[in-house]
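What follows is one chain in structure tokens, specifically the form predicted on its own.
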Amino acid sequence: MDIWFIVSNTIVLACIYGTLAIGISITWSSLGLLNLSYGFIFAFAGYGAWLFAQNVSAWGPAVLAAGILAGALGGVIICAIGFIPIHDKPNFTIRGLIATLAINLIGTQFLLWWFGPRSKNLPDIFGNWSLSLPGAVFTADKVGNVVTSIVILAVVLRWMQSSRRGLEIRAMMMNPHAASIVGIGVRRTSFYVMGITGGLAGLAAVLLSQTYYISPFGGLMPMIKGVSIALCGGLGSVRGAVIAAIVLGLNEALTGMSIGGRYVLITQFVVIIAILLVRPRGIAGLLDKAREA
């Protein structure tokens, strides 16, 4: 068994799916919304990057930026039509689940109608070079995926720690009721939250497109894995999402290497069930009690 191949695949998968899961956790902990429209945002960002590459420039960093901006735009649209109208209504959590799931289904059908069923591919974002080390070869897409994910996540987390808007989002993540009492506007902050987390979904879409094609339903599986990782890590915990992404990324790499990729989902759900049996609130176990009341 090639240990370096498993290690490199684990890190790459953890970075991509972890990015999506962190966005899901931030949305939940700050807005109380389990956003099931990430599949649509993921595909929407992928097509946005593809349109940019076809009509403006195929330069890798520009295509990557176009995908992130398209994802952020998708997040803002979902906020305007799926969060703002219902966030102060009774049973908001259930309404939010249904609304975002409906947006996901309608949005993917719209993409299918507009772009057709034929898959699209993006140009190589990071080039075709490779880095050879004793016992291992790291290709450009793997190195680029890991470095880009870590850098952009570090920038986002730093912005949340140091900027005024970031502090407002953190206040909502810690205690949304107290945040509203001191004058932090839910509507205004929600656009920032959905824009940032949509941008993270766009980043994941462009990075994953270096391995898979872009299609209208291409965001479904990443969304399932992102939600699974967020639940496994403990909804609302960025640290838990990172740990869960590493665990499930390792499981996916080991399963694909040993018994085949078609068994990945089966083994992943076995691992998730085992973790939740031991720690019902996820690895970090920080589900906000205020939201359970």
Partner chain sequence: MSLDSGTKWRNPLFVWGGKRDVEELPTIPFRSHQEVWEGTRQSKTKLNPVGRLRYYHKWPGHGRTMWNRLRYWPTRRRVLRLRGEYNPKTLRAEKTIVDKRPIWWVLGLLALAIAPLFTPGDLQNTLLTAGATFGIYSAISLCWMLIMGTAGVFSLATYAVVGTAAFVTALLAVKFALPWWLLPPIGALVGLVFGGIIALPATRLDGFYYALLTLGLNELCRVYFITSKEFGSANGGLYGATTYVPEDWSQLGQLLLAYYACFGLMLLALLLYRFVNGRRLGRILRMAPEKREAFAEATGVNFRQARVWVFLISSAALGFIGGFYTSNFGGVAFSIFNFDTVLLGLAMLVIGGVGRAEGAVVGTLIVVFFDQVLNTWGPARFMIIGLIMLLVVLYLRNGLFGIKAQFRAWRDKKKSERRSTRAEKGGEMLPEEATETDDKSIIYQRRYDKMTRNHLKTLVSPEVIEEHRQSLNGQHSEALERLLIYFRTRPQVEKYAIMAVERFEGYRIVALSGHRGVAPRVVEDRIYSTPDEACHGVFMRRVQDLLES
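Numbering follows the first chain given and starts at 1. These figures come from a predicted structure and were not determined experimentally.
The following text describes the form predicted in complex with the partner chain, which does not appear among the structures shown.
Annotated contacts: 91, 106 and 266 all touch the partner chain in the predicted bound form [non-hydrogen atom within 4.5 angstroms]. In the predicted bound form, none of the heavy atoms of residue 284 sits within 4.5 Å of a heavy atom of the partner chain.
Residue 224 belongs to the set of residues with a heavy atom inside 4.5 Å of the partner chain in the predicted bound form. Within 4.5 Å of some heavy atom of the partner chain in the predicted bound form lies at least one heavy atom of residue 34. Taking the partner from the other structure, the partner chain in the predicted bound form has a heavy atom within 4.5 Å of a heavy atom of residue 272.
Partner proximity in the predicted bound form, defined as non-hydrogen atoms within 4.5 angstroms of the partner chain, places exactly one of 240 to 248, 55 to 63, 258 to 266, 42 to 50 at the interface: 258 to 266.
For the residues 159, 129, 212, 217, the 4.5 Å heavy atom test against the partner chain in the predicted bound form is passed only by 217. Checking 98, 151, 174, 167 for any heavy atom within 4.5 Å of the partner chain in the predicted bound form turns up a single hit: 98. Residues from 62 to 84 that approach the partner chain in the predicted bound form with a non-hydrogen atom within 4.5 Å are limited to 81.
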